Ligand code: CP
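Below, in structure tokens: the form predicted on its own, a single chain.
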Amino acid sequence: MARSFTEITDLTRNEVFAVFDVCAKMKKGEIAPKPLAGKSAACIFTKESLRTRVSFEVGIRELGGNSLYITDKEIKLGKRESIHDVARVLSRYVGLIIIRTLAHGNVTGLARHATIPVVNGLTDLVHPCQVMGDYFTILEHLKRDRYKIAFLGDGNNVANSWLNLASLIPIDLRIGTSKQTPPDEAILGRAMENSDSSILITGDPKEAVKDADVIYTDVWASMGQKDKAEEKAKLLGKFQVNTALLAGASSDCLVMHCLPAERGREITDEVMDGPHSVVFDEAENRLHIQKAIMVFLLGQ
């Protein structure tokens, strides 16, 4: 079975920093590996996408490969034919599988049966490439021995991926959310086991952002949950990232959002477009970190 990237915890602590190192060198143009030369990558997308699709397709081409965009309508993963069979067939055709889907089990199933690397472009459980790119962005902007990161809003796939990262490397992670919208219990428990990290779940946004180096937010209702948008807004309204909230954070704090944003809900325009925002830097770094992950998995 090939090495895959279904969650951040598929890597070791040392491998996380090795990927960051490769990412930095590639972004500076110091290395230009072509592990996909003469090969294709299957990009399975069952969810709409801007950043994930474009950054992966551009990255695949820059690594020498060709991308094949495949929708769920075409293959009906797990329905028209089994995940096992899809994995085995694609392994005969392409050198890499990227998948962005709802059920996390679809990703792990492909990874279990494929003989080529599988990369998780997003599931309802985790968004690992996003958070790897986010942490790389923090490293570019702030020099600290340890970061105080405040995540505000729904305990969703991005929050879960921050917890996964905190289970590997030292992070002071505060998640500000309501009692009704917590992160995944198992992922939280694993992060709490890392004595090098500090994890706080709080219902007080001011407590979450106190002296924070990074304030991070995401939409309150993720894709597939838009029917719960108003319910989530009532539960999470006090966690909006605005100028008043920033006053309690570090004076040089970064503001991050994985996008797409619902401006005026989880974040105000003045903050998202303000001097603390690195939102579009992190969007750019999706390209660079995903290239580094692919290079790592392909043994280059």
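Remember, predicted model here, so these are calculated numbers, not experimental data. Heads up: residue numbers just count along the shown sequence, starting at 1.
Here the subject shifts to the form predicted in complex with this ligand, a form of this protein not shown in this document.
Contact between Thr52 and this ligand in the predicted complex is found at the 4.5 Å heavy atom cutoff. At a distance threshold of 4.5 angstroms between non-hydrogen atoms, Leu259 is in contact with this ligand in the predicted complex. In the predicted complex, this ligand sits within 4.5 Å of a heavy atom belonging to Arg100.
This ligand is not shown here, but in the predicted complex it comes within 4.5 Å of a heavy atom of Glu48. Checked against this ligand in the predicted complex, the residues Thr137, Gln130, Asn160, Thr177 give one hit for a heavy atom within 4.5 Å, which is Gln130. Per the 4.5 Å heavy atom criterion, this ligand in the predicted complex is contacted by stretch 122 to 130, the sole one of 185 to 193, 122 to 130, 201 to 209, 72 to 80. Of all the residues from 282 to 299, the single one having a non-hydrogen atom no more than 4.5 Å from this ligand in the predicted complex is Arg286.
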